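One chain is shown next in structure tokens, namely the form predicted on its own.
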Amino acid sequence: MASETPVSVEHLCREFKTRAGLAKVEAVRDVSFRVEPGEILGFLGHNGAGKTTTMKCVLGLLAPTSGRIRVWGLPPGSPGARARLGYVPENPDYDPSFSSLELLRAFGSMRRLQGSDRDWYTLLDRVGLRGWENTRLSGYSKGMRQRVSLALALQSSPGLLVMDEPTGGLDPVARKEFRDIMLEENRRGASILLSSHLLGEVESICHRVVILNRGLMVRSGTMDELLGGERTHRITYTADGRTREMTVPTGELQAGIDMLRGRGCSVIGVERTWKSLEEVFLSATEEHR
């Protein structure tokens, strides 16, 4: 039965056998989260934390060892779920003998989409491939192949985008273009599950974040919850004719001001400060080594 929740993951576990086949490795352990309608959820973790494994389970490319996943209320990989999502892999691997236009034609036909060449030209133009539509992928750079992958993900105007390191290896201009398109799709109503090592990018566009470490979910919450929990204030003051600064936890702000004034200092200003997502990420992962 269809649901309005794009992704629901409950107690997901996924094991792999070692090469010798004598032992099992838990890549993901008891992970639970949801992607809500219209939400951009950042999915963070070191290499090997379980992000890609989880995403492949959501896509139906891997079967969970245990737990339950639903995409729009449907089993992952089912025709109804796939029809409503687009996927941008970290390392797209398409037949290099195809052109980007030929790929869009082939994928559109397989997915029974109603688009024409005119639509595909417009889409390739949108992702920055104007003039390259008929060039073989063998002549494309990594960044250009990423653009093709994004075009294929957007081809069906999906309600859910699953993006695994979509801007890895791109130059700053291309990363901004990708972010702009993600935000445009989100404003259109699409939900996004975004895995990225670029924490500044995640901090700038995501509504909520899930942090994995060694297969475990070690921190999750909205940006305000994650960064607000580390809230501090910076007090600018003068002492002995010199301007200085002091940072105090929010709960100790008034005590800090009173202490400075008691010492004869003049308080010039007070500014709220926040820890960065990078600091929160490092703190969360170091706690669970």
Partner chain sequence: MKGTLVFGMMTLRMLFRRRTPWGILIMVLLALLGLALVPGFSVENQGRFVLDFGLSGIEIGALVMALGLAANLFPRDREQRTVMPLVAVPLARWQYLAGRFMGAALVQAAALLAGCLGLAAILLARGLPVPGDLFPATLLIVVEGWFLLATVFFLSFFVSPPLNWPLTIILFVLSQMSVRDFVNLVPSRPGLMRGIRLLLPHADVFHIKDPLAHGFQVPPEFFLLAVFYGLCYTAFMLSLALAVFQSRDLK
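Keep in mind the model is a prediction, meaning the values are calculated, not measured. Residue numbers count along the first chain shown, from 1.
FYI, the form predicted together with the partner chain isn't displayed, but the following is about it.
**Student:** So in the predicted complex, are 35, 40 and 66 all sitting within 4.5 Å of the partner chain, heavy atoms only?
**Tutor:** No, none of 35, 40 and 66 comes within 4.5 Å of the partner chain in the predicted complex.
**Student:** Which listed residue (184, 102, 117, 125) meets the criterion of a heavy atom within 4.5 Å of the partner chain in the predicted complex?
**Tutor:** It is 102 that has a heavy atom within 4.5 Å of the partner.
**Student:** Considering the partner chain in the predicted complex, which of 214, 197, 207, 136 comes within 4.5 Å of it through any heavy atom?
**Tutor:** By the 4.5 Å criterion, the partner-contacting residue is 136.
**Student:** Please run the contact check for residue 179 against the partner chain in the predicted complex: heavy atoms, 4.5 angstroms, yes or no?
**Tutor:** Residue 179: no, not in contact with the partner chain in the predicted complex.
**Student:** Just to confirm, residue 71 within 4.5 Å of the partner chain in the predicted complex by heavy atoms?
**Tutor:** Residue 71: no, not in contact with the partner chain in the predicted complex.
**Student:** Is there any non-hydrogen atom of residue 56 lying within 4.5 Å of the partner chain in the predicted complex?
**Tutor:** It does: once the partner chain is placed as it appears in the predicted complex, residue 56 has a heavy atom within 4.5 Å of it.
**Student:** If we define contact as a non-hydrogen atom of the residue within 4.5 angstroms of the partner, is residue 110 a contact of the partner chain in the predicted complex?
**Tutor:** Judged by the heavy-atom cut-off of 4.5 Å, residue 110 is in contact with the partner chain in the predicted complex.
**Student:** I need the one stretch from 167 to 175, 84 to 92, 214 to 222, 188 to 196 whose residues put non-hydrogen atoms within 4.5 angstroms of the partner chain in the predicted complex.
**Tutor:** In the other structure, the partner sits against 84 to 92.
**Student:** With the partner chain taken in the predicted complex, which residues across 145 to 165 come within 4.5 angstroms through any non-hydrogen atom?
**Tutor:** Sequence-ordered list is empty.
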